[in-house]
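The chain below stands alone and is given in structure tokens; this is the form predicted on its own.
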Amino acid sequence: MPARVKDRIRLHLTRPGWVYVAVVLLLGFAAGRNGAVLMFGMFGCLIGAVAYSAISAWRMLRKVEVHRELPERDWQYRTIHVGYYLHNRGRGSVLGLEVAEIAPAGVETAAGYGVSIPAGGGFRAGGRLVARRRGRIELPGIELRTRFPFGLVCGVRRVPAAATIVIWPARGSLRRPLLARGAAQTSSAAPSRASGGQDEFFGLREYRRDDNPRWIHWKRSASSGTLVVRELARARPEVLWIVLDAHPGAPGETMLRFAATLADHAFARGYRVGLAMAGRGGVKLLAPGPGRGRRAEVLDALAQYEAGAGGGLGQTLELLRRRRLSEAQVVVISGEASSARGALPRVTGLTLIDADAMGRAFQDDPAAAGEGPCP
């Protein structure tokens, strides 16, 4: 858990500020040695510039309100754009403001800038962050900085603004087509009960203005005296089960990234995708389903996977045998083919991907090269 952020303002000298103060102190020492009134006056003015910088930075930071716009989910190693709305609720202008996330471990940030915010006005700034680890990441707050006007003093204000973002495992690319065709082409011969498609005959109904004239059933229309069209059924989407083999040291991060890439590819082609994996807390099953909601659930589960003694491949497949594996495509991802083959059921559409096959079937994200296990 990230440390709790308190809303307070801190001031400190910048590196040029320290050099400036050192020169001013030397000037003051020389003025004291020589008793020169003009030098004392210069010393006072120069010290006043430092005090003015500190007061100005503190007053500007105190009157700024900030609101964040952040996506709920994104991919590992992908640049995530963050929007900030800065509102000046004071009288004077706010100048030279920087805004950025207070980043926890594994997250890199780039600041946004508010060059000038007039009194009572607002400004939209954009920042960026890159998550180098997957999972649920807690962002504790936002940091505001300014060095205006002279760059001698830096004012820093940390604003509590807790937010959560789920980082999915990095998405690579498939080197060979594990799903040879789209779901509509490989679907079951039996049509679904949903009408409105262009597959099997579903029934007849009256013609509507936006219907395709090619769908008109002329023979029935002539006998009934009113236009009747053929209602066609939608194809039943194919089912894909992704199974992660759990054994000591697996699944590794590469296996999780491969599973996330395969799932995202299958959802894009209209598949109903299910997930089965064993980890800390036992075997986790997500029943096959279509759409963005199920896609987010599958990728969230992969993002938050925690390895542990939760059962092996045999236990996972035993739970899946009740789920009609014979009617689905099954992709088993295992780190060791020898230990997995003995537990595999005899299913026509089953594909085993071990470490060697993964290298031939999957192109990992280049940013993941050389990365160790995620915390």
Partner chain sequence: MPVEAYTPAQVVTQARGRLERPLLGMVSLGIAAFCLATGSLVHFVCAALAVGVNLAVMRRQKEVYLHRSIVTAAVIVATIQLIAETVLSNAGEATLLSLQRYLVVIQLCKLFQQKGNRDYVHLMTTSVLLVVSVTLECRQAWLLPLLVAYLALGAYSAMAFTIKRGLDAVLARRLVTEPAPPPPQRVAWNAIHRWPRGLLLKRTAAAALVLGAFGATALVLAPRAGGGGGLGAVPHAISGPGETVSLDSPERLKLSNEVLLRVRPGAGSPVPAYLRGRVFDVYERSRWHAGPRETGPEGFTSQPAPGLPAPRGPRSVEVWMAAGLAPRAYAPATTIALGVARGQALGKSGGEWGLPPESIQANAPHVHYCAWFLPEPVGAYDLGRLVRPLRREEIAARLGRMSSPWAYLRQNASDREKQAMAPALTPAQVRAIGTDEPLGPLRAFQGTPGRLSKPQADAVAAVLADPQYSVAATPLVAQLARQWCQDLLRTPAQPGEAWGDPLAVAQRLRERLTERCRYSTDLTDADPARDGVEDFLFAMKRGHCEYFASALTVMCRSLSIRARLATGFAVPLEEARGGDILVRGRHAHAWTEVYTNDGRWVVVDATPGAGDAAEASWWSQWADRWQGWRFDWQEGLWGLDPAAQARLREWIYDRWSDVRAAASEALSAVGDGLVELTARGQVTRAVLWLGVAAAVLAAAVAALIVARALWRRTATARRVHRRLGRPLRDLRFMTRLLALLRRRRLVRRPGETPRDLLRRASAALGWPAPALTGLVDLYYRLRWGPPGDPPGLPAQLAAAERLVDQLARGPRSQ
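Positions refer to the first chain, counted from 1. What you are looking at is a predicted structure, and each value in this text was computed from that prediction instead of being measured. Rigid core (definition): largest C-alpha set, two forms, superposition within 1.5 Å.
Another form exists, predicted in complex with its partner chain; not displayed. Remarks below refer to it.
Taking non-hydrogen atoms only, T109 approaches its partner chain to within 4.5 angstroms in the model of the complex.
None of the heavy atoms of W58 is located within 4.5 Å of its partner chain in the model of the complex. Contact between F150 and its partner chain in the model of the complex is found at the 4.5 Å heavy atom cutoff. In the model of the complex, none of the heavy atoms of G349 sits within 4.5 Å of a heavy atom of its partner chain. Within 4.5 Å of its partner chain in the model of the complex, a heavy atom is found for every one of G35, Y52 and R91.
A heavy atom within 4.5 Å of its partner chain in the model of the complex is found for exactly one of A125, L262, A303, L285: A125. Contact with its partner chain in the model of the complex, defined as any heavy atom within 4.5 Å, is confined among 262-270, 136-144, 117-125, 163-171 to 117-125. Of the residues in 286-303, none comes within 4.5 Å of its partner chain in the model of the complex through any heavy atom. Here W58 does not count as shifted, since its C-alpha moves by less than 2 Å between this form and the one not shown after the core is aligned. Relative to the superposed core, A31 shifts its CA atom by 2 Å or more between this form and the one not shown.
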